[in-house]
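What follows is one chain in structure tokens, specifically the form predicted on its own.
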Amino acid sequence: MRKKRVSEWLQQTIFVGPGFLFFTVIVLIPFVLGFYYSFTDWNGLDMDKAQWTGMDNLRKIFTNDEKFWDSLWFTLKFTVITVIATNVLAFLLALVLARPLKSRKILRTVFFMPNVIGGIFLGFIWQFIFTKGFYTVGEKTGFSFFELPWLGTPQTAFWGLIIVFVWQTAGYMMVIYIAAFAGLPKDLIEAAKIDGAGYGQLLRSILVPMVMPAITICLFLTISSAFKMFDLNLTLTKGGPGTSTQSLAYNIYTEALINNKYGLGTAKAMLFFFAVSLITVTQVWLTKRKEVEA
């Protein structure tokens, strides 16, 4: 019995140990240190000059940091719109491409491809499209839509970021929805059709409730991705014009790495972490309650 326990512990150590070690070094220790530094005044360079300031950073954020709250409001608006738009578009694409179309494999690949392109590179591509491509198309066709200053005003830059994010993310969510549709019981759908259920009723009463686990996953992924959006913000607008399109992640980056206020930046990052965690956990809890078994 003792040898068996030793053998089990040895196996767990061999298989779980390296992963746990990397998790501790890369995630756990930096998180604990970050939590400590959020209560200090530190420039990020000299660790001996990390002076403990207690709640001063949090007090400054809540009482004297308008840019932080403007970034938070921008991020909330961006998240709500992109989460809805991405999931609606992905769901509709999945409905179409789950059917036995001859070109469905090609179309699935085409819609999924934007997700493969890295965010920084994708941002530079769309920066060229907004500044050069759209202008040329608008000049040739006369359509005012293409002649808008897409990255030049707060309103158009906001919608430009939304367009790129949805374009990049919808294909990945589409694949998850297609996988969910593939696992639906065909006899249940056929029985509903025989009973006279229309497509709208079939969608509302069977398809959506049955793919609710996929909706839970897709909502979680899109909410967390939208809140953490940084690379597109960096390459497309750099938070501009001014700071009108500065996301919360970009605000934290600017505070810590540009202004060299690592203590204040880390305090913002901790607030950001707990806020996103609370929102995503609540979303998962709410959508999990709506899931049904086949």
Partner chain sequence: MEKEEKYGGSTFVMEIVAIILGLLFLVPFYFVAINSLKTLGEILVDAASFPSEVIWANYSKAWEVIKFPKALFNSVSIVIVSVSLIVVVSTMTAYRFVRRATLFNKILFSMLIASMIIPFQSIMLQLVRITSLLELRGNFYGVVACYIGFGLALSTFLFHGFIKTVPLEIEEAAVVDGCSPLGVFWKIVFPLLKPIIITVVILNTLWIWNDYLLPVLVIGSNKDLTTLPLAITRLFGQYTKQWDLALAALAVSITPILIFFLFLQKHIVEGITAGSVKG
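Residue numbers count along the first chain shown, from 1. Rigid core: the largest C-alpha set superposing within 1.5 Å between the two forms. Every value quoted in this text rests on a predicted model; they were computed, and no experiment measured them.
One more form of this protein exists, namely the form predicted in complex with the partner chain; it is left out here, but the text below deals with it.
You can rule out all but one of 139-147, 80-88, 154-162, 67-75: in the predicted bound form, only 139-147 has residues with a heavy atom within 4.5 Å of the partner chain. In the predicted bound form, at least one heavy atom of residue 281 sits within 4.5 Å of a heavy atom of the partner chain. Among residues of the shown chain, residue 131 is one whose heavy atoms approach the partner chain to within 4.5 Å in the predicted bound form. When the partner chain is considered in the predicted bound form, residue 28 lines it closely, a heavy atom lying within 4.5 Å. Although the partner is absent from this view, residue 230 contacts the partner chain in the predicted bound form, with a non-hydrogen atom inside 4.5 angstroms. Using a 4.5 Å cut-off on any heavy atom, the residues of 114-132 that reach the partner chain in the predicted bound form are, in sequence order, 114, 116, 117, 118, 120, 121, 124, 125, 126, 127, 128, 129, 131, 132. Once both forms are fitted on their rigid core, the CA atom of residue 285 lies less than 2 Å apart between the shown form and the other one. Annotation for residue 15: C-alpha shift of 2 angstroms or more between the shown form and the other one, rigid core superposed.
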